[in-house]
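Let us start with two forms of the same protein chain, each given on its own as structure tokens and named structure 1 and structure 2.
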Structure 1
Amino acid sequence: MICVSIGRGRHRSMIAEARHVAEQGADLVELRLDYIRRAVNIKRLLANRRCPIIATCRREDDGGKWNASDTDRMTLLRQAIAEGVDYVDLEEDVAGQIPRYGKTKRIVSYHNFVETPEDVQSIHDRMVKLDPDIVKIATLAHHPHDNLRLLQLIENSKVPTVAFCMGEQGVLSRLLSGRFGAPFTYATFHEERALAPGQLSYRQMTEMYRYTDISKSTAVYGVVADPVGHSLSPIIHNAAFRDSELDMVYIPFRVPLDELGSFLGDCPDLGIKGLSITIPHKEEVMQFLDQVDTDAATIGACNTAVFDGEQISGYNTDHQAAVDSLLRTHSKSGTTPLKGKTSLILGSGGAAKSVAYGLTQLGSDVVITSRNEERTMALAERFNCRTVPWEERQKIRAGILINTTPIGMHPKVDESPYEKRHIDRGMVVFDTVYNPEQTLLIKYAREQNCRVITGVDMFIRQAELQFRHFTGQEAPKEVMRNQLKRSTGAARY
């Protein structure tokens, strides 16, 4: 069940939003009385309600907007109970002062905007003594492990408990709380009006994550990154799971580099069966893998992990995606179409490694250039490639040009790593940047009538291959591609 929190300054707006979300299918609405700017008319707010209502009036100290007296606040909450509101939210310190009355259910709540305390169990034990129908605990996550601690609190509690972590690191607990037995989770009316850090909108919860379909049997997947908010992977993988009617969900996991090992240790308990791994974890993750396929081992980086209990296998689908994209473009040119052709790779980071490995396997004469000479040399040595100084990159006569730098990526879309006048008609131009798809480099290449491979081609291909590792079945390519195209430029969880 999803509870939509509504905080508006005017009664009319609050009533209209509550009606709207109830019509959209919301099962529960929280009215944040502390947001109303004038005297609260509780009777008016509760009249003609379309679904059960929680009355909440949060003090400033507890993350709310109420700045009048606490006596007035308690009077308001008592009034809501007297008017027969379905649920009332009472913080731990006032729950003892407002007794149970009528049919109104009591949510006894604890909020901590600073941290997730070590002793969450003893906080929960205290709250259970305050005659709750539901205990609510919301704390700020500083570590991915904070999520598991709160989810296990839900699982082990005899009293129905809604517990989750706030903040970007806490998103997973908001999405998985139902899987651990929470009676509901909170969402906001609109993604741009979150009432607490990390809160997702009702639309995101229902359309992208299908929250109400997540159960104990749902297999959990996700992308591990830091930061993760820009990732497009949840959008495309969830669309693919939905289209394939799989009981699977895909979640963004923001994990700091030094907490990767701890997070991977939590994965089996979180129900996680597979991960996409991206910046900055692709190399770091190698030490935690029990099995690594040859490609990932040779490249020294892994972007896909699959769990079999506590055993983790690692793969690299970036490399295969780059190879497949190049081969598709050269498909009419024979069986080893890249053999002997000169390829110029711009950049010497993670993507460059995968592309260099793929191109050398295909027999291409690879030249690497980047602004960091040391990394350029190291990469060239590893895969037996040539190098050229970054400043001289446009002097090379290459049949294939591959950009693996972020130049041209949103928002700096008017930049190109290569000037148009140096792009020859016969070249194949491959830009790994996928947001936007039509980068300035790709536009230049099209204007010169070059064959092009876009970052979207590669991104979709690596996601398709990941989908195959995750599910053992073929990915719905067109669904993924269409979803990505629709979302490019508006990337959010």
Structure 2
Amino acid sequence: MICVSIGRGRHRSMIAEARHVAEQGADLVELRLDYIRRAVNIKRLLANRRCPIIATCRREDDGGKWNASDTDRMTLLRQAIAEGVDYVDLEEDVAGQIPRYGKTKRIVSYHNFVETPEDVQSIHDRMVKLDPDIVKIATLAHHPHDNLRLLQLIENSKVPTVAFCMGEQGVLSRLLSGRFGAPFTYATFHEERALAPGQLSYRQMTEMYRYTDISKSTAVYGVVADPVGHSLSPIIHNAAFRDSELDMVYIPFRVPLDELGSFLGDCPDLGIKGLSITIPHKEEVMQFLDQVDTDAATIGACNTAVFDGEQISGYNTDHQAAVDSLLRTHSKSGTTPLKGKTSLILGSGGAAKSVAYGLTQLGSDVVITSRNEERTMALAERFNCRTVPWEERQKIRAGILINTTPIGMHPKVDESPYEKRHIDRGMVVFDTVYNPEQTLLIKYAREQNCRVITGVDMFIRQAELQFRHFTGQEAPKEVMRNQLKRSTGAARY
């Protein structure tokens, strides 16, 4: 069940939004009384309600907007109970002062916007003594492991418990709380009006993640990155799972580089069966893998991990995606169309490694350049490639230009790693940036009548290959491509 939190300054707006989400299928709505700018009219808010209501009035210290006296706040909450509100949210320090009355159920809550305390179990034990129907604990995540601690708290509690971590690192606990037995989780009315850090919208929870379908049997997948908020992988993989009628969900996991090992250790307990690995973890993850395929071992980078019990197997689908994308542009050029052609790779990270490996396998003369000279030299030595200083990259006469840097990525869409005047008409220009699809570099290349490969081409292809590793099935590639283009606005090109 999803509870939609609504915080508006006017009664009319709050009532309208509550009615709207109820008509959309919401099972529970939280009315944030502390957001109303004038005297709160409880009767008006509860009249003709379409679904059960939680009355909440949060103080500023607890992340709310109530700045009047605490006496007035408790009077308001007592009034809501007297008027027969379905649930009332009471912080633990006032729960003992507001007795149970009528049929109103009591949510006793604890909020910590600073950390997830080590003694969270003792906090829960303390709250259970305050006559709750539901215990709610919301804390700020500083470590990925904080999520598992709260989810296991839900699972082991005899009293129904809603517990999750706030912040970007806590998104997984919001999405998986039902899997561990929480009676509901929280969502906001709209993506742009989150009432707490890391809160997702009702539309995202229902349409992208299908929260109400997640159960103990649901296999969990996701993308590991830092940051992760920009990733569009959840959009396309969840669309593919839905189209294929698979009991699977794909979640974004923000994991700092120094906590990757700890997170991977938590994966079996979280129900995670597979991961997409991206910046900055593609190389670091190698040390934690039990088995690595030949390509990933040779490249020294992994973008796909699959769990079999405690065993983790690693794969690299980036290189095959890059090769497939390049070969499609040379489909009429013979069996070895790239042999002997000069390819200039911009960048020296994990994606550059995969592209360099694929191109050298096809016999291309590869030249590598990046702002990091040490990484450039190490990559060139690994695959026996040439190098050129970043400042001199545009002097190379290359038949194929590949950008693996983030230059041109949203929101800095007015940047290009290569000047238009240096792009030759006979070039193939390949930009691995997929958001936006039509980067400035791609626009320059089109204006020069070059053959182009966009980041969408490679991104979808590597995701197709990941889907195969995750499910053992062929991916619905057109579903994935159309979903990505809708999400990036690329369909208009």
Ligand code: NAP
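In this text, the rigid core denotes the largest set of C-alpha atoms whose superposition between the two forms falls within 1.5 Å. Counting starts at 1 with the first residue of structure 1 and goes up one by one along its sequence. Just so we're clear, the structure is a prediction, and the values are computed from it rather than from any experiment.
### Query
Pick one: which is the form predicted on its own?
Structure 2, not 1.
### Message
For residue 420, does the CA position differ by 2 Å or more between the two structures when the superposition is done on the rigid core?
### Response
It does, since the residue 420 C-alpha is displaced 2 Å or more between the two structures after the core fit.
#### Entry: Rigid-core frame, C-alpha of residue 184, shift of 2 angstroms or more between the two structures
For residue 184, whose C-alpha is compared between the two structures after core superposition, the shift is less than 2 Å.
### Message
So, superposing on the core, is the move of residue 373 at the CA at least 2 angstroms between the two structures?
### Response
For residue 373, whose C-alpha is compared between the two structures after core superposition, the shift is 2 Å or more.
### Query
How many angstrom apart are the two C-alpha positions of residue 400 between the two structures, if you fit on the rigid core?
Residue shift at the C-alpha: 2.4 Å.
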